[in-house]
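Encoded as structure tokens, the following chain is the form predicted on its own, with no partner shown.
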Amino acid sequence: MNYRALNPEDIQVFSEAISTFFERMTQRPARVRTAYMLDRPETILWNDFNGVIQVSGGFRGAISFSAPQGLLTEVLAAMGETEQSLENVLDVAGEIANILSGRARRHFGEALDIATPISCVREGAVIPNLAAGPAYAIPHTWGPYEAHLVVHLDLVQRR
């Protein structure tokens, strides 16, 4: 099997998913900035908490959502959750990654198999490098917080 990297139109799907998520879940839009290609082959974890979705099927790679604790606790509050425990913060990081991946699945179709989210704190976390192509970071701000969606996917090209 051969693989190809994502193109700019594919990345735009993820940018739109970020905007849609924050607008619908919190009634406060996120400001999505220009996506850029990372110069490192591995996924970078910038923030306190991370939700990671590994993908397979017609794809290989991972999608990760990285955010500071303050953003995640405010999202929990906007969703009506009053318990701000470490467990709930980790859960919402994974759930956001899952929701954003699910929106991308609508674009890419059923060939995008999404695994159960993995949630982790930044320290000591290792994201496996499953894709060969470049990783793209999509930075965005929501209120005073900056977060990142990192998309590191290859598409399978059948012969």
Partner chain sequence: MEPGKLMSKLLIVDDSSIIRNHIARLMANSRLPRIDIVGLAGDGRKAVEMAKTARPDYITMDLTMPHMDGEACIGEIAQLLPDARILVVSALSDKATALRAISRGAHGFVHKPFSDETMIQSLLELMS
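Positions refer to the first chain, counted from 1. Basically, rigid core = biggest C-alpha set you can superpose within 1.5 Å across the two forms. Nothing here was measured: the structure is a model prediction, and the numbers come from that model.
The same protein also exists as the form predicted together with its partner chain; that form is not shown, yet it is the one meant from here on.
Of the candidate stretches 87-95, 28-36, 50-58, 63-71, only 87-95 contains residues with a heavy atom within 4.5 Å of its partner chain in the predicted complex. For the candidate set Tyr136, Trp142, Phe14, Phe21, a heavy atom within 4.5 Å of its partner chain in the predicted complex is found for exactly one residue, namely Phe21. Shown alone here, Ala131 lies farther than 4.5 Å from its partner chain in the predicted complex, counting heavy atoms only. In the predicted complex, no heavy atom of Ile118 sits within 4.5 Å of its partner chain. At least one heavy atom of Arg105 is located within 4.5 Å of its partner chain in the predicted complex. Contact between Leu112 and its partner chain in the predicted complex is not found at the 4.5 Å heavy atom cutoff. Relative to the superposed core, Leu112 shifts its CA atom by 2 Å or more between this form and the one not shown. After superposition on the rigid core, displacement of the C-alpha of Arg33 between this form and the one not shown stays below 2 Å.
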